Each structure stands twice: as structure tokens, then as C-alpha cells.
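Next up: a single chain in C-alpha cells, the form predicted on its own.
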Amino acid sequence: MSNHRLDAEYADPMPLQVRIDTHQRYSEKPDDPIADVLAAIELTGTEHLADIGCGDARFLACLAAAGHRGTLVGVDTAPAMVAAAAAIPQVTAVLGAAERIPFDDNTFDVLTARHMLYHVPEPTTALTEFRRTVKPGGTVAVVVNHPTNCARTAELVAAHAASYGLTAAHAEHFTVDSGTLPAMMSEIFGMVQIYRTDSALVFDRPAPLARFAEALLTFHGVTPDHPHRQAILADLRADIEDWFTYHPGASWRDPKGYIVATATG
């Protein structure tokens, strides 16, 4: 993803919040990636922990609320996300990129990178930085989606973007997913432990699906300031309404899933 596209996507935390809330409310199976990460890293509560690409910092907020006594650091490239992290009293918020983490070697006991590595232009460089900044014997936990995550909805959004001249060349192409990450990590860390979750989003009415689809627009080149954004959104909503009208009693089901991959520094 270009820096411009990434900046546009995360300048406003609302689309991210919509996506997270959608997964919490409309998943076929219980969806709690935070709990999955915590189960994988088995914190004692005293660790010096960094969350790289911390987003709206809800993971760090969860740790702080649970009484984590070690230092919590949130690193992100988006000023709005750094501001969200800074609003949590126990968290040190830092503006920085995963490929060049602004900390010394062997700084952290635990480093997490949740649902962010597929945004990084040079993921191998980022993984090398993860190893550099984690202490020997420390834990690195990376979360990425399956390669076909929510593909049905993504394809719908892409089709409407394409109708206004936004072709696949304008869209983001993920190169890091649950199929590619294990080998990438093993080259840098050696042994990698994988925890896999499979589920689906299930919508029984149009409104929440339309809201989720809108939260994907920027990933397909429809930035908030795009001149055709409102027209694309109107067409997308109408298409979703039509689908439910012509499929009475049916639910829109979109398979998804992710892995938590852990390694020792």
C-alpha cells in the first residue's frame, strides 16, 4: 500500500472501528483476536511490550485495564492512531514505521504486530526489525488474515470502484497472509508456532453489510476525498439492498480467518 493510501485509510479511526466492531458482532463464531494473542503470548503482567501498528490502541487499552504493570508502547505511522494511544495514561505513544522502529536493540520483552504487516511495503525488513528490538528469548507475535479474507464483500466493493474507473491497479495487493507469513518468519526467527482461527461474517440484513463495505472503500482506491465516493457508495448500498430483496430469508456469508504466529527472539 502506498503511504498516501495508508495515510488516507487511517487519518480517521472510524473505518477501522467499524471493521473491528463488525467482526465482533457479525462473526459466525466468537471473534476475539485480542484474546487469541494473549493466549499465545502468555503474559505475566510485567513485560516491556510494544504493539507495532497499534491502530486505535484498543489492545493496549485492554492490557492497561487488566492491570499490566510493565511498560506499554504503541507505535504507528498514522498521527490519529498515535493520538489514540497517547490518550491511554499508561501507554507511551510513538510515531514510527515497522521497517525502522525507533528503539534500541533488545528493548522489548514482547512485541506484537496485529493485522498490520500486510500494509508494510517491506515486510521482511519489518520482521528483521521485530527481531532486532525484542530481547533474546523475548516473544514476537504477528497476526495476519487468510488470503481470501472477506473476499465476497471485497469483490463487491472492487466491482463498484471499477465502474468508476478505479481498476485493480489502484487497489491494494496484500503479499503477507496466513499462507505466506510462516515461511517469512521462519527465515528470520527459526521455529514459528501457528494458532489458526476460521470463521465467516454473516449478515441477515443490508444495513450492517453496507456499513462494513463502506469501511473497505479506501482499500480499493475510493479515498474520503475521491470525487465519485458518494456516487460509488450510493450504488453499493443499492446493490446490497437489491441482493437481500431478491434473496428473501437468506444471509450474506463471507468466509474469513486469521493466524497468530509467534516466535522467540
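Computed from a prediction, not measured in an experiment: that's the story for all the values here. The numbering used is simple: start at 1 and walk along the sequence shown.
If you look for the form predicted in complex with a small molecule, you will not find it shown, but the lines that follow are about it.
Undergrad: With the small molecule left out of view, which of V134, M116, L72, L127 would have a heavy atom within 4.5 Å of it in the predicted bound form?
TA: Answer to the contact question: M116.
Undergrad: Would you mind picking the one in M185, V140, M81, V157 that has a heavy atom within 4.5 Å of the small molecule in the predicted bound form?
TA: Exactly one residue meets the criterion: M81.
Undergrad: Is there a heavy atom of S178 lying 4.5 Å or less from a heavy atom of the small molecule in the predicted bound form?
TA: No, S178 is distant from the partner.
Undergrad: Is it the case that V120, even though its partner is missing from this view, gets within 4.5 Å of the small molecule in the predicted bound form, heavy atoms only?
TA: Flag for V120 set to yes.
Undergrad: I'd like to know whether T107 contacts the small molecule in the predicted bound form, with contact meaning heavy atoms within 4.5 angstroms.
TA: Judged by the heavy-atom cut-off of 4.5 Å, T107 is well away from the small molecule in the predicted bound form.
Undergrad: Is V144 one of the residues lying within 4.5 Å of the small molecule in the predicted bound form, judged by heavy atom distances?
TA: Heavy-atom contact with the small molecule at 4.5 Å: absent for V144.
Undergrad: So which of 63 to 71, 234 to 242, 46 to 54, 202 to 210 is the stretch with heavy atoms within 4.5 Å of the small molecule in the predicted bound form?
TA: Of the options given, it is 46 to 54.
Undergrad: May I ask whether T197, L216 and I259 each come within 4.5 Å of the small molecule in the predicted bound form, counting any non-hydrogen atom?
TA: So, no: the whole triplet misses the small molecule.
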